[in-house]
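One chain comes next, on its own, written out as structure tokens in the form predicted alone.
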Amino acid sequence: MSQHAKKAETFIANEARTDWHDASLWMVREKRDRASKSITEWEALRQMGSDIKDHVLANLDTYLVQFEENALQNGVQVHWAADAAEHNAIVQSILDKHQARRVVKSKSMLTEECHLNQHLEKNNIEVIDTDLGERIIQLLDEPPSHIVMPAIHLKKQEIGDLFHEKLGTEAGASDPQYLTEAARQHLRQKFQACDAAITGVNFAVAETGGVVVCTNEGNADMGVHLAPVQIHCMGIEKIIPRWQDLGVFTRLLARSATGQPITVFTSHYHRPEPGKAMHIILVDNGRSKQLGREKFRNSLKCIRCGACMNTCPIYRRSGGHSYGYTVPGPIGSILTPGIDLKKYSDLPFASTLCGSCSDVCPVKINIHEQLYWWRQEIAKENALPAAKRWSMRLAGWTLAKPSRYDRMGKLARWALRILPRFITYNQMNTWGKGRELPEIPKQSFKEWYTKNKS
């Protein structure tokens, strides 16, 4: 059994949670549909977003240099990181330079990808995630299960128990308003005491050298305005060319993510306040390699809305933690094989290839096609599990000749009729745990058709 399948089995063991998780995400998908249909130019916006991203990826080096030049002119300090280790080291050096020991961070999938929290904590720096969902999972010491709704897998009763243990709320309290207010008061203290603020970046505008951060809670603004040092961590693919391009993506992002017309806060950072410092870290961490893969570079167009996860029947019923990577779901399944093909070779197979992910993607990434192409690459690299590899060879040999296919079909029908039930339905056969074969026919369709055609 693959790693994804093993972790998914653990998740679906709680049937009530699985059904609730499935329904919750489908509700968000339906909100996305209503929001997208509320504007007649939705498909035109998707095409514009896709075209802009295509243009950026074709000229990424030029736009990165332009962005750096304009950011430097604004008084921003710009850093380049080749990988996660270098990114973490740069953040550490900035904090050490400013003697910052207490950090507040607004949600950033890049810093999750780089395991920044763990790095800083090992160096005796307190780092507090200030997004409510991120703070919940940080208190639980587990990774996010969704890139937009990181604690979507938890129920309010579980969060109430967690807050009672960690924040001293009333035992048994599960009212969302009460719990949110408790988190607000807890986080307000962290904001007031912080020495530095770290944010992710949704979009970086090459024309201006500024970065844009989209949140619904205002936590990025709170941290940046209170802290003497602000650090913005971004993947190099987050660049867009012009200021006017931003309107396309802000209209696409929130509608695709949560069904909102726009996020509550769309914050723009161009230069440090007087007496303060502003840093931007541009991070590669495998993105250049993905850019060089012609069939897979489209995956870098992703704006991290999570729409593909909300619609995916596999993700909805297996949970984000089953994917074993920072970005789960369909988009994660086409990003991860390029990072470590052997480790993540099962993820492109965790899909029905129904194409719903591609249908909802706001920048028209051909996700389901890339999932299929990764399956081919994995087979070429002999990274398939032995059982699947040999079964595929047997299937190929069987399907190579019609006469061979006919004989194997007869043999299979005969065997299934006479063999004891436990041969098919046993602990070794995962397929048979939740399925029943239909009644075995006495003849194949081909035999029936040959006999009955007239």
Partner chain sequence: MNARTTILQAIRQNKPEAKERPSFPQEPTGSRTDLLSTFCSQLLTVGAEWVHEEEMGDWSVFLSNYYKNAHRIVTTVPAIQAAGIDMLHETNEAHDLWDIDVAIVEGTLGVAENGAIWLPEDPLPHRVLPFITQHLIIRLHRKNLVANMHQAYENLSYEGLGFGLFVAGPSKTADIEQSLVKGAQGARTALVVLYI
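All figures in this text were calculated on a predicted structure; none of them were measured in a lab. Numbering follows the first chain given and starts at 1.
Although not depicted, the form predicted together with the partner chain is the subject of the following passage.
None of Ile152, Ile314, Val229, Leu110 but one reaches within 4.5 angstroms of the partner chain in the predicted bound form through a heavy atom, and that residue is Ile152. Between the options Ser267, Ser299, Thr326, Ser356, the residue in contact with the partner chain in the predicted bound form by a heavy atom within 4.5 angstroms is Ser267. In the predicted bound form, the partner chain sits within 4.5 Å of a heavy atom of Glu273. When contacts are judged by a 4.5 Å heavy atom cut-off, Leu179 counts as touching the partner chain in the predicted bound form. For Asn59, a non-hydrogen atom is located within 4.5 Å of the partner chain in the predicted bound form, even though that partner is not displayed.
Looking at Lys238, you'd find every heavy atom of it more than 4.5 angstroms from the partner chain in the predicted bound form.
Here the chain stands by itself, but in the predicted bound form one stretch of 219-227, 339-347, 326-334, 120-128, 219-227, has heavy atoms within 4.5 Å of the partner chain. Shown here without the partner chain, the chain has Met27, Val28, Lys31, Ile39 in 24-40 lying with a heavy atom within 4.5 Å of that partner in the predicted bound form.
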